[in-house]
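The chain below stands alone, shown as structure tokens; this is the form predicted on its own.
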């Protein structure tokens, strides 16, 4: 009886393994066919191959962007500073607004689970679902041209990212510290101040610095919708067909992004 039972269990295990293996390879084949179908539909069929130039045409088109128009550099100082300030102020505004959103969206500390939790999650979803250019168009239409709509657009786009990761960090905290603080007779605000914030502060600061780094890139394209900064200068050079000026603006953008990369690295290293 024992050998037959063992053989039966072994055969059952082998059958399951073969079944899982067949399912896994079937899934691989399905994904491969899906990729092939996507390439066929979106690239091969939808591309107008007759209008695609030769290698020489592409090189000739790229040659128009060289050499850069270095005489434009003195005029890029103000837009560069403006772009940097849009990123900084937008991140700071998002930082302030993300605090109550994170509080509402964290299931373990939200004040009223049936009301505030869905509100917090809805704000996070809305912020992350709408692209920053769309936010820029909305705020340009609402408050006019300039850096202010760019700041609002960057802030609205950043709220969802900061608050989502912060809320998830709050939900993963050690509940024992909260219970210990409550046992001393502390109120709800004191529990958050002494039990929640110390545990999630490194995550919150790290996410904010990372978002600031991303917002430097976002701020550069805000000018394309009239929100000021280097993006607006880029658009002007493009519509004037000053391709050398376009290259100069791109160089300025790369320098600004490099400064943001270095700055975020050292800030993160010093604070976290």
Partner chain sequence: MTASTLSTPRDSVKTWRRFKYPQSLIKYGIMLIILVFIAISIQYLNIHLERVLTMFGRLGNLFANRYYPPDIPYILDSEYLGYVFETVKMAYLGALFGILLAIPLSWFASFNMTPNKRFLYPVARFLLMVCRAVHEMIWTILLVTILGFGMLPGVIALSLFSLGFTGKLFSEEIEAINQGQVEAIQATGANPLKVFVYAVLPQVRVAWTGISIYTWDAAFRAATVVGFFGAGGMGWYLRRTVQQVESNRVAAILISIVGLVIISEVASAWARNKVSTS
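The structure presented is a predicted model; accordingly, all values stated were derived computationally and were not measured. Positions refer to the first chain, counted from 1. Heads up, when I say rigid core I mean the largest set of C-alphas that superpose within 1.5 Å between the two forms.
Beyond the structure shown, there is the form predicted in complex with its partner chain, which is absent from this document and is the topic of what follows.
The closest non-hydrogen atom of residue 71 lies beyond 4.5 Å of its partner chain in the predicted bound form. The shortest heavy atom separation between residue 246 and its partner chain in the predicted bound form is within 4.5 Å. Although the partner is absent here, residue 204 lies well away from its partner chain in the predicted bound form, with no heavy atom inside 4.5 Å. Contact annotation for residue 104: none of its heavy atoms lies within 4.5 Å of its partner chain in the predicted bound form.
Heavy atoms closer than or equal to 4.5 Å to its partner chain in the predicted bound form belong, across 110-146, to the residues 125, 126, 128, 129, 130, 131, 132, 133, 134, 137, 138, 139, 141, 142, 143, 144, 145, ordered by sequence position.
For residue 35, the Cα coordinates differ by 2 angstroms or more between the shown form and the other one after the core has been superposed. The Cα position of residue 23 differs by 2 Å or more between the shown form and the other one after fitting on the rigid core.
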